[in-house]
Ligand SMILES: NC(=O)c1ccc[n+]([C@@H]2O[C@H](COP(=O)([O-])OP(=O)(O)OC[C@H]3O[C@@H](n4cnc5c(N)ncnc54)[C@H](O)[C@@H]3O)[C@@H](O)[C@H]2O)c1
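Next up: just one chain, as structure tokens, the form predicted alone.
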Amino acid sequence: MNRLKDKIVVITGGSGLLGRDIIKSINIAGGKCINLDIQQDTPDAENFFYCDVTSESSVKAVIELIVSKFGRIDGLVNNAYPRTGDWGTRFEEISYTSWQQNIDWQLNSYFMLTQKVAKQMISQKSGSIVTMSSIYGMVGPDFTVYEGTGMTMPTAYSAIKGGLINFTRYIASYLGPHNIRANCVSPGGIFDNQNPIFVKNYEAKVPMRRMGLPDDISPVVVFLLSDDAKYLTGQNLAVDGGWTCI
């Protein structure tokens, strides 16, 4: 119940589908979760801070504000998912400008935020960083699940999520001597009222025969943030109903 008692945890993109449930689970576990987002879609206004994760000045200012208010940052959950309006365009039709923008907004913003939070954690000599990746950062997409839907797997997504997994290994190695841990969580497909054909195709392939739900993911994030995982770093936990085991 209190595995995160009194811990200050920052999450980016906490107003989204996964983010809301992660915040709820952190608070239930006794932590204080600070939501950094461009829109407030959670009831806890006191712990919402406007932040554009693609802007270095915005990130720098909000981290300084959090440290001045709370004195420390015990955990970081990299969860924001900024993307361009043409996200999901088929591979042959993606403009180079769009590719660059998505890599910059997602992969590069995660580096920027992690770097700034890590400086505070180094001064504390403690901290846990959890980065949300994906099964499609681990394996290639199965395009058969999109048949008959008009949907596809965004090309940049795989590059970004795969990059985040290895970036996490790097920072785990680099920050380990400072008693800072870094791990990834790679969810499988999360149900969000997608095209029923896609849902049927997906659930027929995954061994547990269902898509994931936010409350399948958030307890794993809480575990990684907690002292229960005090000797676990540099790892990527696939929470995918068995998708990547076959």
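This structure is a prediction, so every number in the text was calculated from the model and none was measured. We number the residues from 1 along the sequence you see.
Keep in mind that the form predicted together with this ligand is not shown, yet the notes after this line are about it.
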* Answer yes or no: in the predicted bound form, does this ligand come within 4.5 Å of a heavy atom in every one of G13, G19 and I190? => yes
* To do: Choose from 171-179, 116-124, 133-141, 95-103 the stretch whose residues reach within 4.5 Å of this ligand in the predicted bound form, heavy atoms counted.
  => 133-141
* Any chance V221 has a heavy atom within 4.5 Å of this ligand in the predicted bound form? -> no
* **Heavy atom of S128 within 4.5 Å of this ligand in the predicted bound form** => no
* in the predicted bound form, Y146 touching this ligand (heavy atom, 4.5 Å) -> no
* Using heavy atoms and a 4.5 Å limit, would one call G163 a contact residue for this ligand in the predicted bound form? -> no
* Structure fact -> Picking from C184, L36, C33, A29, the single residue whose non-hydrogen atoms come within 4.5 angstroms of this ligand in the predicted bound form is L36
* To do: Would you give me the residues of 69-90 that have any heavy atom within 4.5 Å of this ligand in the predicted bound form, in order from first to last?
  => N79, A80, Y81, P82, R83
